[in-house]
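First comes one chain, alone, set out as structure tokens in the form predicted on its own.
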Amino acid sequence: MVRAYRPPDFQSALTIMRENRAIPLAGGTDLMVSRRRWSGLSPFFAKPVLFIGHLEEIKRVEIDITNIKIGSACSLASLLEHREIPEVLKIVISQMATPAIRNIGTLGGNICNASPAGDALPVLYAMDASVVLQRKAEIRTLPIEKFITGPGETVLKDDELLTSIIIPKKSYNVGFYRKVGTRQANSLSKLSFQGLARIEEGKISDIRISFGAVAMTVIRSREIEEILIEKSGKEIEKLIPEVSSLYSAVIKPIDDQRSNIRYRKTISLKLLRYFLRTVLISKIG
């Protein structure tokens, strides 16, 4: 028998976490799969379960001059319908799972699952997202790349809840996202690519590039991105071999049931070159 709690408000949830070190469950679309057992048996939970998906305090989207703050229990479907959510994030969410799963699955859950193949992660890395973590006596904010430390691993403490995701307001006039899977719908990623850029006066003023499912965590290198800043289309063309070589050194996929090392690396670098040459340079003119 699994002990479960359904707190009336967020502060009560924090108290339960402090006293019971419970397992938070919002939508449960990842958690119930990871805890499944043989057919006919209930999922296994070694600790009490804390239901948080109903808590209004973490289901809000708040906007200010500089940031978009998304509650961790906001469903993916609700974010698709929210007019203030950036289009680049909506494009990614629209390709996650199925409509039924998006109705209950949450952005916070996708982050805390910490899978290298997590669909929302590459765009959140590219957008410099941060996460807000709270326990009874402390609130802290971390960049998402410092929150996720490895496959299924985060720095979340056992009495702490992820409460919100903060995305800085930035304007991009170039965006390219590609999820590569076995099928078009409801597919787990073999790999994914996210490119964002800002072009001003014929040069790149801002660029972000991230890869999913090709390393232990999402790959994003600000050092490599810096090479492309303030470059024209002709300069970028000349830099493509160097940039490809640098990313090739940090892309370190694995063989698993969905794909293999060679395929993941080859396609990742092809998507990179496509973004730089076909998408980016064509926009610069």
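Because the structure is a prediction, the values reported are computed rather than measured. For every residue, the number given is its place in the sequence shown, counted from 1.
This protein has a second form, the form predicted together with a small molecule, left out of what is shown; the following refers to that one.
So which of Leu156, Ile167, Ala77, Ile91 gets a non-hydrogen atom within 4.5 Å of the small molecule in the predicted complex?
-> It is Leu156 that has a heavy atom within 4.5 Å of the partner.
Out of Ser232, Ser221, Thr217, Thr29, which one falls within 4.5 Å of the small molecule in the predicted complex, going by heavy atoms?
-> That would be Thr29.
The small molecule in the predicted complex: within 4.5 Å of a heavy atom of each of Gly105, Gly118 and Leu162?
-> Checked in the predicted complex: all three residues contact the small molecule.
Pick from 105-113, 191-199, 82-90, 204-212: which stretch has non-hydrogen atoms within 4.5 Å of the small molecule in the predicted complex?
-> Every other range fails; the passing one is 105-113.
Closest heavy atom of Val180 to the small molecule in the predicted complex, within 4.5 Å or not?
-> Judged by the heavy-atom cut-off of 4.5 Å, Val180 is well away from the small molecule in the predicted complex.
Touches the small molecule in the predicted complex: Leu25 (any heavy atom, 4.5 Å) = Residue-level check for Leu25: yes, a contact with the small molecule.
Non-hydrogen atom contact Val33 with the small molecule in the predicted complex at 4.5 angstroms | Yes, Val33 sits close enough to the small molecule in the predicted complex that at least one of its heavy atoms falls within 4.5 Å.
Check whether Ile70 has any heavy atom within 4.5 Å of a heavy atom of the small molecule in the predicted complex, and answer yes or no.
-> So Ile70 does not count as contacting the small molecule.
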